[in-house]
Every structure is written in structure tokens, then in C-alpha cells.
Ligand code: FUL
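Only one chain is given next, in C-alpha cells, and it is the form predicted alone.
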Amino acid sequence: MRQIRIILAGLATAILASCSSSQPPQAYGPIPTPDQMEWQKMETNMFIHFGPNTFTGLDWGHGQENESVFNPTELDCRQWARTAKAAGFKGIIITAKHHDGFCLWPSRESTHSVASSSWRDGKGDVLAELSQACREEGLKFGVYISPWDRNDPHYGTPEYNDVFASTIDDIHGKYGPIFEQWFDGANGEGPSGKKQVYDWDKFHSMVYSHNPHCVIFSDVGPGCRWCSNERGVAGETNWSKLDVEGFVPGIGAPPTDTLFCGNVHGTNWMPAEVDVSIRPSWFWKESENDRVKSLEKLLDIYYTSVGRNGLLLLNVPPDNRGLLHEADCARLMEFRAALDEIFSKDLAQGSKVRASASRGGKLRPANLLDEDYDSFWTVPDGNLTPSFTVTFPEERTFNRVMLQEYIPLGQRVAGFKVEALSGDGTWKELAQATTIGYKRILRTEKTTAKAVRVTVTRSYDVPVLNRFALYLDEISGK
């Protein structure tokens, strides 16, 4: 009888251990909110810089421009939205108020607005038209509101914070839902200019009072962070985590190298947004109609933004007619067609996946090849350097490797390598990298192989991966 009890106890222990190991691991470190998760999955959005600078040729207006300079005689926000949707963007963010203080809606706080312009006899409202166009096309609508205001006489005084909070209230109360609020940290007019001590808590509270699911962008979030440059490049190492205590947007922000890479053990979930313009300037200039970025450059930007755990915010500025220029539209359609061609066929599909270890249950290696975001592969606790091998039914040729971590459980992987099995039975290393995050796309040499092996070489907790894919890019030239 005693022997039977020992056997039964052993079986019970084994069953409990098996059940425990087949459960997902605990989250590691900070994790994204549902709103941040939805934001990350958008992957690419359109930025629109539009205002008096469109007509004066400036990137930073002085704030004293006559309102009548703003007169887009053919403005068509539906054209913007249709183009954005056709290009694959999921949302549009517009400069509702840039540093010059000009408001693209009839502001209750300023006369420096469309209501004082000759456009549509002062009865126009760009935000109303664009938010409606976005709804019609199934796009999300976001706003950039500059805290620096070179027109408002209150700027540089404590009263200005109330004025700016009321401006936020005006926009968010009228044109929601608003998926992203873009704040930069611009402050003052040079070394001897007026400075404002911004009340960021007040501003954030005003946003959330109308749009509680809004993702707020700045150097320190709280929803997403600047990537430290305007070239379309996120860090080769890019943690979606950041320490923000003691920092504020602008000159009080973390160092640029920190914004570029994030903090490996950061206490806040703060993914990188990668902003860049399709032209040399942010606002439209006629002289730049033939200087739209090439298709090859846009694909390079895609790989260094979305392909490095970031979200791409591509600026496409309307011209002085109020239309996205033909040159920009043509390039966007080329860009979309190229992405569709490159990523339409996952060359890993139809293969077998084996792993050095598995947690069991539904958390099996085969999940790496399905398209269900919430299915993933992971390993028992303590196993920080597992590997998996994808074996093809026949040799396949590729030059792009895509991996995704299941970030609802945190970002963990700090190093991995990719190898290919050649026809002579030897393994050849194709690439090494550090972070993965939401999505990592590695550009490799063109390779024909029987199998691919991925080995995690460093991880802060057990890796949790939910996608592996291979593609062939014969367009971008790299």
C-alpha cells in the first residue's frame, strides 16, 4: 500500500509540474497597455504638416504671418485619406497648431486661425473635414498641437498653461475619437527668447478627459517616445522600455542615445515612434517636387523603423492647393506595391518546426508559423538560450528574416543568431542581432537553404516568440 501511495504521489507531482510548465510564463518587466498594443500593431501612419508655412516656404513660422496667407483653394481631405488608405497607413496625424500658433480650426482661444483667413470666407475647418474623411476611410485620426506658440501673448507666463490646456480641450472635445496626441518639447525663441514652464500633468489630464484611450507621444511619452532623430532610423538595439523619472520633453529629455535604444531595464513601457518626411522639408515646397525620397530609400526606412521594433510615421505634406502632390502620391503607391510584393509570400510556410525545448500544451513550436498573434512558443522556466529549426519541404531562397516577440508578456530577448543549412549539410551563420520586440526584420544575403535555425543567445527571462517568417526582397537593392 505504501508503495502505491508513493507511486500515486509521484504521478500527481508529475501532472502538476506538467500543468504548470504548459501555462504561459509570468510577464517580465513593464508591458504595453491594450491601447499601446493596438497602436503598435498599426505599424505605419501618415504625418501631415500643413499651415501658413505651406504658403510661405518656412519650416518654423514666425507667428506674425497674416492669416490671409492660408488659402488652399482646392483643399480635399478626402484625397488625403484615400491616398493614406491606399498606401496602407492606418492613421493620420495632422499639425493642428504648429509653432507659429496658427490654428487649423476656428479656435476659441486664438484669432490666429482659419476663422480669420480668407479661405472659405473664414468658415472652413480643416480638423472637421479631416476627422470626417478619416472616419469614412476607416482610418484613425490624430493631432499634433505645439506647446510652443510664437503668436500667443500669454506665452512665457503662468497663464499660458491654462490657455494651452483650453486649446487641447477645444480640439479633443470636438474632433474625437483621437488615437494619438503628438507633443514635442519645443520651448522658446532662441537663447534669449521667452521660455515657458509647461504643466504636462495638466495637458495630459485634459487629453485623457476626452480621449482616455489616446496614446500620447513625446520624448518621455507617456504613450510612446521619440526615436531621437528625424531620419527614419530606430536603434539596432531598441528596447520598448524607458526610465522617465526626472525627465521632461525638450531640453529636459533623456540623452539622444537613450531615446534611440531605450532602457534595457526601463520601468515604463515606451515604444519608439520613428518620424521622417518623404521630402527634405516637413512642409511642402515647390522646389522639392522632384526631391521626393526614392522607393529604395523608403524601403530602407521601413526596415530601420518597423523592422527595428518601431512604428513609422511618414510625413506627406499637402501642397498650396490643399492636395497631396502627384509626385508624393505616385511614390507612396510604389512603396505600397513593393511592400505587398515583398511580404505577400512567407517562404517559411508549409515547413516543420522543431525546438530544443518547449513548455508544452498549446505553447508549441508550430505556433511560430501561424498568423494568430496571440499564439506563441516558449520554453520551461530557466531556459534562456533555446533554439528552433524550421525545415523546408524543399530548398528555399530568401534574404529577409522576420521575428516577433509576444510583447503582452514583456520584451525579453537581448541577443540571437540566425543560421542556414546549406545543401552540403553545413550550417552557415547569416546574422546576429540583439533585440526583437514587436517585430524585427533582418536583411541578409540572398540564401538558398534546406532549413533555418534561430538560437537565442541572451535573454532576461524565457523567450516568448509568436512569429517567424522568411521573405525574398528583390526590389530594395540591399
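Residue indices: 1-based, along the sequence shown. Every value quoted in this text rests on a predicted model; they were computed, and no experiment measured them.
FYI, the form predicted in complex with the named molecule isn't displayed, but the following is about it.
- Proximity to the named molecule in the model of the complex, taken as a non-hydrogen atom within 4.5 angstroms, holds for one residue of 405, 100, 275, 328, which is 275.
- Only one of 163, 133, 186, 233 comes within 4.5 Å of the named molecule in the model of the complex through a heavy atom, and that residue is 186.
- In summary, the region of this chain contacting the named molecule in the model of the complex, judged by heavy atoms within 4.5 Å and restricted to 114-122, 371-379, 178-186, 195-203, corresponds to 178-186.
- In the model of the complex, the named molecule lies within 4.5 Å of some heavy atom of residue 282.
- Mapping the unseen interface onto this chain, residue 144 counts among the residues with a heavy atom inside 4.5 Å of the named molecule in the model of the complex.
- Shown alone here, residue 416 lies farther than 4.5 Å from the named molecule in the model of the complex, counting heavy atoms only.
- Heavy atoms of residue 55 never reach within 4.5 Å of the named molecule in the model of the complex, leaving it off the interface.
- If you take 41-78 and check each residue for a heavy atom within 4.5 Å of the named molecule in the model of the complex, you get 47, 49, 59, 60, in sequence order.
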